[in-house]
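Below, in structure tokens: the form predicted on its own, a single chain.
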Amino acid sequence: METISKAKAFGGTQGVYRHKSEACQCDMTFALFLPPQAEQGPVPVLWYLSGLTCTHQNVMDKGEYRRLAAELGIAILCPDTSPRGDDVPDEPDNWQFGKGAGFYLDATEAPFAKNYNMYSYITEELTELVAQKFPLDMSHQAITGHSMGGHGAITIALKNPERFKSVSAFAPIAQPSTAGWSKPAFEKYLGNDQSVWRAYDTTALIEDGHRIESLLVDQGTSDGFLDDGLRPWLLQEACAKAGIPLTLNMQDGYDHSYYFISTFMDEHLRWHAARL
């Protein structure tokens, strides 16, 4: 593992690291903020999964999480959204697919199955790596994310409820298997059998019996992707039928940007801290 950069912030350390990934068959980069409490011993960790077109850098620069994370004693782990490199298959003119759009799944279709294994990368490879290299209390993990990353956070938590003590999301894609900006990607990554897609669809996972203890979601009412891509009412319906307590905050006038995310980041950090 290579250290790309380290900087002190709020008594803690913001680092960026690179390593060779077996799951994605390329070099992968991630960011990790360690609060000052990590100098005394392992600290709880909150995963943040980013959205379409993003990398680890977006939330690190614009998410405004370090001040409160340092106060609460929580590490913030920010992976990339997809495999990277000249040899990774891509559609450069399609921002909804390929590099920057891994959708946190394990692809089964050629030529994408070799590299696009973000589910295994997050839940296995990167988990093992950071557990070995950093003072993290891996018995106390939480997960959140934005948009595509919100979809990733909820689906990963639904399939690993014993691992994540809490889950939240900012403007998640509630039903990616039918949304206009994600259905084509699912077909290219996973093939034509839509029953396979259910393993990476929040509402389908809930319908199929997967459960989490509770869920916090913030969604802007002025989000340009609200009606076609995000559709939080589908998540609300699925949680109501399954008896999953959902706190859905429709935030008046907010859009899909990091202005929205940074505004409500503190509330999400406190939500997770209470459960960690």
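Since we're looking at a predicted model, the values are computed, not measured. Start at 1 and count along the sequence shown; that's the residue number.
A second form of this protein, the form predicted together with another copy of the chain, is not displayed here; the remarks below concern that form.
Proximity of F10 to another copy of the chain in the model of the complex: non-hydrogen atoms within 4.5 Å are present. Residue contact check for A69: none of its heavy atoms lie within 4.5 Å of another copy of the chain in the model of the complex. Shown alone here, H210 lies farther than 4.5 Å from another copy of the chain in the model of the complex, counting heavy atoms only. With a 4.5 Å cutoff on heavy atoms, M28 does not count as touching another copy of the chain in the model of the complex; it lies far away. In summary, among the residues L34, L52, M60, C239, the only one with a non-hydrogen atom within 4.5 Å of another copy of the chain in the model of the complex is M60. This chain is displayed without another copy of the chain, yet in the model of the complex the stretch 245-253 from 41-49, 245-253, 223-231, 210-218 comes within 4.5 Å of it by heavy atoms.
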